[in-house]
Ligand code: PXG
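One chain comes next, on its own, written out as structure tokens in the form predicted on its own.
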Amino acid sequence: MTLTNIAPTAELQALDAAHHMHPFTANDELAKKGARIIVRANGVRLTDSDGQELIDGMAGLWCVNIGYGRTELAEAAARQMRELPYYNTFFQTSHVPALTLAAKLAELAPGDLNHVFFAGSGSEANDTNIRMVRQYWALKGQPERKTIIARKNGYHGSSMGSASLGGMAAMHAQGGLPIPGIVHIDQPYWYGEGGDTTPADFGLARARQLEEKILELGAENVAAFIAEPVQGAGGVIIPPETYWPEIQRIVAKYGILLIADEVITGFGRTGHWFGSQGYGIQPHIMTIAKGLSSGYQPIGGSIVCDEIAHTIGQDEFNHGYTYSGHPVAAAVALENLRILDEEGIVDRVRTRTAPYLAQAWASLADHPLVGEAVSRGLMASLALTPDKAARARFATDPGTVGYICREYCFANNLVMRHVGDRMIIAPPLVITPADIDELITRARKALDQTLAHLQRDGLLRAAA
């Protein structure tokens, strides 16, 4: 079947509503409204079925790091499909794309992270991590070390295991989550939860919850701590600078494995190849996906340190996926990494684009609705508030105002996501200063429209 974009939008929406179940969506509600149909993309811009052009402020789903329309990746996929479209890595076999990509990732990753277990997504990779750290401790003669500590409002995927690692209450309310052996501590969200403490003191206090939880559980029962360097889907929560050094001290003190979830922060998003590098984090495992292929092919994995890999290698690890290290996905990822490297995109983010975005984004803090405007690399967030001085929440249900703002963004052809009443962006890494200026203009217009909407409907009220 050849797909062409010739049908009217209404027909496409009807077909979508009749057969397509969307993720994280009330599908009946969307069916009445009609999905926006995206038909093509180039650079940082999307085009819908009505010919409207949007700035993609979310790089797809945090992933299209090199931007849309790079024919080099399509050519890499076509070459690999002609040569070896698929083979597995079970049964003592390998193939050139997978082993070459593993070697490249070992070269890029910090420290002794020299081994890669491939998956099809970040969710799958974090499921792998659960089994891997438990098997590691079993082989070390400490099988009671099974509990993994994670953070509230963290996001690590939506499968049974990865969603359990994540700390999102709405996800845990469905499907019997979390699974046993996973516990959560509070997030380092100073703006929303810091009260009268300084960011520095708050960062230390939240990090020390990890030590308190380890002592509560017994260090002999704790396998690992998992966290994102910067919380992405939780609202681009940037931890205070005191947070990660204290976490590093605690995991070292108690011999706990540290898993850095780099699914969002990896491959240039923060201006470093990996977000861990900007915070001095020394993980034993890094979870990767998204920017690994810039979303052009589904691929993920776990980059594993020498000690864990060598220990796991002592016995058969009864775990894997049909598409682990898929040759086409691996070939595309290699070409993506080549472009990021040879075009200096990661360095450009750190030295030019991220500083430009930081300055432009900070200008939105003067808007009456914005209580905080922060960024790290090319990920940024706005906290919406009815009372800047008090850092107050709205009296409406959480997310009501954020959704209103998100709808105005979409109407102004800007993809900006809301997480509760925070507005977030993570544009392609190839975004230019001119694109950023236009993004800021559209964001400010959406904020103005949101403010007018709240004033009109009497929603500009703080929670009691």
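As the structure is a prediction and not an experimental result, all values here were calculated from the model. Residue indices: 1-based, along the sequence shown.
Although not depicted, the form predicted in complex with this ligand is the subject of the following passage.
Checked against this ligand in the model of the complex, the residues P386, G167, G203, G157 give one hit for a heavy atom within 4.5 Å, which is G157. For the residues A119, V304, A380, V263, the 4.5 Å heavy atom test against this ligand in the model of the complex is passed only by V263. Checking 149-157, 267-275, 237-245, 177-185 against this ligand in the model of the complex, the stretch whose residues place heavy atoms within 4.5 Å of it is 149-157. Using a 4.5 Å cutoff between non-hydrogen atoms, A411 does not count as a contact of this ligand in the model of the complex. Remark: L340 does not count among the residues lining this ligand in the model of the complex, judged by a heavy atom distance of 4.5 Å or less. Interface residue remark: N126 is counted as part of the site for this ligand in the model of the complex, having a heavy atom within 4.5 Å. Although the partner is absent here, E335 is not a contact residue: none of its heavy atoms lies within 4.5 angstroms of this ligand in the model of the complex. Residues of 62-91 placing a heavy atom within 4.5 Å of this ligand in the model of the complex: W62 alone.
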